[in-house]
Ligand SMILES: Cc1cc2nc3c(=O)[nH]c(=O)nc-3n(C[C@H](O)[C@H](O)[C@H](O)COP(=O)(O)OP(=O)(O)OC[C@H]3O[C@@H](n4cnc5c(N)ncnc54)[C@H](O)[C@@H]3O)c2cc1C
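Just the one chain here, the form predicted alone, laid out as structure tokens.
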């Protein structure tokens, strides 16, 4: 059968491209190998779907061509996103910059998009993997079971390798390479960092508020503040996810990477020193008891053993002991030795170079071939930035196919 465009992948960007093009009365075939659409979208935001962020800032993204990224994001901006979701029945609200559906259900967002696909006249086929995808004299062709489908435009919106259990795969990258497209080496991002320096198995589940910095070649290359979670192998949580790109990039070029945690970012060293000394002079407490209520109980002996302070009376700590303790509390240094794989990451970094695409995300070298979403070399920090890229890139493609 013949269509105006065939879209591979019914995730966030693929559905957006299909709805946008369908509303322009284009005949669209949307193919999803999974049995359902929007499987990864249904899991975003812990099942609540952090649709976007307000405001969207460019420095929240990593890419090979920021100007083209800016062009795409401005072509379908935050207000366009709000209007689109209102148009399909999804009302949203803003919580400290994080934009969610009022239903607080990612699944309801997916269902509204399914309804919008139907209303836009999009033909959807799920549970089947296309084969024999190739360029023809008039566009592109592919096979589904024994039937051949053709269209002048093909959209690769297959996503990336993050979240294999949710449909993540390398299919989009392999297909891009088959059309001789350059691909930035992919790696997991928004993931935990494996570290040494503490007995992490004992600390699994501990949560602390702090600032985490990534140090490479003696310089801070990334930092963020928030709730840090200690895992069996290292550190996790939103601030760790947000700096994981820089940490993993450094490890990939064999650089020593250190994660430094400030457990009291709201205090300078002098304030913290005075406060810890005050607590050490309450009653006749041990140093462990003096820190109880200040630090998670499981973390206290791990901090104290770094300077052999366990079991000492708080009031008998020397000036050097107090200095060393406060130094650790303001700068707990952990060597980064690894990171969570794609099964533990939220997004894939790397992908099809934005530099090789036009502003409408059509290939520079293969006319009629478009890309959208995670398969492109664009990834953002936590907070709705990656979904905004999916909406914007999908809408731009849908408006041009």
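These numbers were taken from a predicted model, which means no experiment stands behind them. Positions refer to the first chain, counted from 1.
There is another form of this protein, the form predicted together with the named molecule, and it is not shown here; the text below is about that form.
- When contacts are defined as a non-hydrogen atom within 4.5 Å, all of 12, 40 and 384 contact the named molecule in the predicted complex.
- This chain lacks the partner; the member of 141, 258, 310, 169 within 4.5 angstroms of the named molecule in the predicted complex by a non-hydrogen atom is 169.
- Though the partner is left out of this view, residue 338 does not reach within 4.5 Å of the named molecule in the predicted complex, counting heavy atoms only.
- Mapping the unseen interface onto this chain, residue 63 falls outside it, with no heavy atom inside 4.5 Å of the named molecule in the predicted complex.
- Proximity of residue 45 to the named molecule in the predicted complex: non-hydrogen atoms within 4.5 Å are present.
- When contacts are judged by a 4.5 Å heavy atom cut-off, residue 373 counts as touching the named molecule in the predicted complex.
- Picking from 63-71, 344-352, 357-365, 329-337 the stretch near the named molecule in the predicted complex, with a 4.5 Å limit on heavy atoms, gives 344-352.
- Of the residues in 12-37, those that come within 4.5 Å of the named molecule in the predicted complex through at least one heavy atom are, in sequence order, 12, 13, 14, 31, 32, 33, 34.
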